[in-house]
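What follows is a single chain, given as structure tokens, in the form predicted alone.
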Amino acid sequence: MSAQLEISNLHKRFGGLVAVKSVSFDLKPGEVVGLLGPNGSGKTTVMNMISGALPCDGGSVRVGGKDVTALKPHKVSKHGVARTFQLVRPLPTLTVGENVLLSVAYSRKPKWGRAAQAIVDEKLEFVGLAGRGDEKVTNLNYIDQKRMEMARALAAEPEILLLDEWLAGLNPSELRIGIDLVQHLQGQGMTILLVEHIMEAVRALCSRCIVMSAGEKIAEGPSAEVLQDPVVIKAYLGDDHA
């Protein structure tokens, strides 16, 4: 089966700091893959380059066999890539539904009027916010803001979903809801790249993991094996634990 997302020798430098160095991996259709590593390892920078939010200094990003390396975020989205962010970024002057509606307008196949509203309603129901489209974003608690952001990403009707610590900050019951939601997407065949620090979620969701440290890929393979790799443990916890 050919790769749906191909990352080849990705490189990014900020002045004298090499944030990402020659990182390569791919995702097959329908895979949920974890992109792991300690803080500052370059994970979010990789996500930003895949989504077009940051230009690459080297290497390439291919989606469905098509080179999207030099494209801006709205153009990458047209190729079926959507993402969430570490910090929820709602548009506070718009309602919940209007926040989601914007993604429909800028999706691969933009829709308007009743067709667009039907997608908004469908995605809000999917994430557990049915009937709340007219509420102000400021009325939402943290888990509901996360749900709205997921609905906004899904409203673009992507084939590849980039989740950047989407489960961070949730309490145990909220975490279970979040894991169930991602598993539901997995059951629908969505291809997902998941940046996450919560190992419970990684073990539940990811068949395979890629681990970064100091900008480089240090491990890749089945989750159970990677999480027991002494090199990975050392990167997270130091020499004593390894």
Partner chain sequence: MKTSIAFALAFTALALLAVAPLILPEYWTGVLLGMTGYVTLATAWALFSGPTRYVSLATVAFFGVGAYTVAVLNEVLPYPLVLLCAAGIGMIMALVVGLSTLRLAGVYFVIFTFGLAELVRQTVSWWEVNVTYTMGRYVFLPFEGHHIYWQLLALAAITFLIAWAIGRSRIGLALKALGDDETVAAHAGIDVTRIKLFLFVVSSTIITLVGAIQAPRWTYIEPSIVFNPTVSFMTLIMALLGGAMRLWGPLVGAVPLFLLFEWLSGRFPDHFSIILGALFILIVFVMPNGVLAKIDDLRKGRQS
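Residue numbers count along the first chain shown, from 1. Since we're looking at a predicted model, the values are computed, not measured.
One more form of this protein, predicted together with the partner chain, exists but is not displayed; see below.
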| property | result |
| --- | --- |
| Distance check, residue 53 to the partner chain in the predicted bound form, heavy atom within 4.5 Å | yes |
| Touches the partner chain in the predicted bound form: residue 101 (any heavy atom, 4.5 Å) | yes |
| Close approach of residue 73 to the partner chain in the predicted bound form, 4.5 Å, heavy atom | yes |
| Contact flag, residue 85 vs the partner chain in the predicted bound form, heavy atom cut 4.5 Å | yes |
| Joint contact, 91, 106 and 152 to the partner chain in the predicted bound form, by non-hydrogen atom at 4.5 Å | yes |
| Which of 138 to 146, 121 to 129, 165 to 173, 106 to 114 sits within 4.5 Å of the partner chain in the predicted bound form, heavy atom basis | 106 to 114 |
